[in-house]
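Just one chain follows, in the form predicted on its own, and it is written as structure tokens.
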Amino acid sequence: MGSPLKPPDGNWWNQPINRRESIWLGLGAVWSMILFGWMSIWTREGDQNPIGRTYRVTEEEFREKIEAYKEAADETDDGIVPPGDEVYIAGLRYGWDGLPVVLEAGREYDLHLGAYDVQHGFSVRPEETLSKQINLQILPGYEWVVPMTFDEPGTYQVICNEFCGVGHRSMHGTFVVEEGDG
């Protein structure tokens, strides 16, 4: 028996392929094309992928936007109450500028996400469960506007899921979602 580390003896690459192997290769190729087509359609029509606009922005410009947002917002014991439907959040070592924030259940908000320093992960999940979550990547130099609606009241945890340095483990924040008025 030959070693799996050494190539087989002889002219093995010019040997004809067995009929059964050809059938399985053909089935594998057809199945791959079906999955590729399904994935392409699902990405465009499935409504599960985060969408939104992305803009090039400098760190200073994004900091100014967040400061203006925080000045216009109300502050409660639970966090920042946005003045409208726009919420600005920036990742920085080792925290979130703009969190905690108090939102209304059932209302759509445009989250303006960016990073001041390095790439950060933006993972949001309800406090009670790990099975419902969204994971996004935010990059310095970009402002990503993602529409988001929280259907259920409660506390949603925000963590950085992209290692950003020694203080990474302390990088968390919250969305406090309260019952809506209407």
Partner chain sequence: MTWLFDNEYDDEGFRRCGVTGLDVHRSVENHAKLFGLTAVVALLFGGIFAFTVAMTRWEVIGLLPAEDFYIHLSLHAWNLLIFWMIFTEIAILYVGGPMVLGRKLPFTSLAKIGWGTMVAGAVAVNYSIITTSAPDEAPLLTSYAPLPSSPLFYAGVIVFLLGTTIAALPFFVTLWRERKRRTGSLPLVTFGAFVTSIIAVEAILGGLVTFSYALAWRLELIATIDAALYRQLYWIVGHGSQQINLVAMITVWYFLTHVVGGAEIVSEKVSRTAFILYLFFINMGAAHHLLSDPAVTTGWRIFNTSYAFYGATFASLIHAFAIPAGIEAGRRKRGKGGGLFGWLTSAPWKNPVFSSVVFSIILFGFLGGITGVLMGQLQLNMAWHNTLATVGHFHATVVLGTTVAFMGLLYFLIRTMFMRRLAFPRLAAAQPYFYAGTMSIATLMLMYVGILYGVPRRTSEVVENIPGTEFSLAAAAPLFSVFGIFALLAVLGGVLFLVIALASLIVGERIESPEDNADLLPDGGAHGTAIDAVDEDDPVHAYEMRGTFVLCLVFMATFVVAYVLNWYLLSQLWSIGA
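Numbering follows the first chain given and starts at 1. Keep in mind it's a predicted model, so treat the numbers as computed, not measured. We call the rigid core the largest set of C-alpha positions that still match within 1.5 Å between the two forms.
Keep in mind that the form predicted together with the partner chain is not shown, yet the notes after this line are about it.
A.B. asks: Does at least one non-hydrogen atom of Ala68 fall within 4.5 angstroms of the partner chain in the predicted bound form?
C.D. replies: No - in the predicted bound form, heavy atoms of Ala68 and the partner chain never come within 4.5 Å of each other.
A.B. asks: Whether Val57 contacts the partner chain in the predicted bound form should be assessed with a 4.5 Å heavy atom distance threshold; does it?
C.D. replies: Result no; Val57 lies far from the partner chain in the predicted bound form.
A.B. asks: In the predicted bound form, does Pro7 have a heavy atom within 4.5 Å of the partner chain?
C.D. replies: So Pro7 counts as contacting the partner chain.
A.B. asks: Can you tell me if Gly154 lies within 4.5 angstroms of the partner chain in the predicted bound form, counting non-hydrogen atoms only?
C.D. replies: So Gly154 does not count as contacting the partner chain.
A.B. asks: Pull the contact list for 108 to 130: residues with a heavy atom within 4.5 Å of the partner chain in the predicted bound form, in sequence order.
C.D. replies: Heavy-atom contacts within 4.5 Å come from Asp117, Val118, Gln119, Val124, Arg125, Pro126, Glu127, Leu130.
A.B. asks: Cα of Gly141 displaced 2 Å or more between the shown form and the other one, core superposed?
C.D. replies: False for Gly141: its C-alpha shift is below 2 Å.
A.B. asks: With both forms fit on the core, is the shift of the CA atom of Thr58 between the shown form and the other one 2 Å or larger?
C.D. replies: The answer is no; the displacement is under 2 Å.
A.B. asks: For a quick test of reading the superposition: does Ser131 move by 2 Å or more at the CA between the shown form and the other one, rigid core aligned?
C.D. replies: Where the cores coincide, Ser131 shows only a C-alpha shift between the shown form and the other one that is less than 2 Å.
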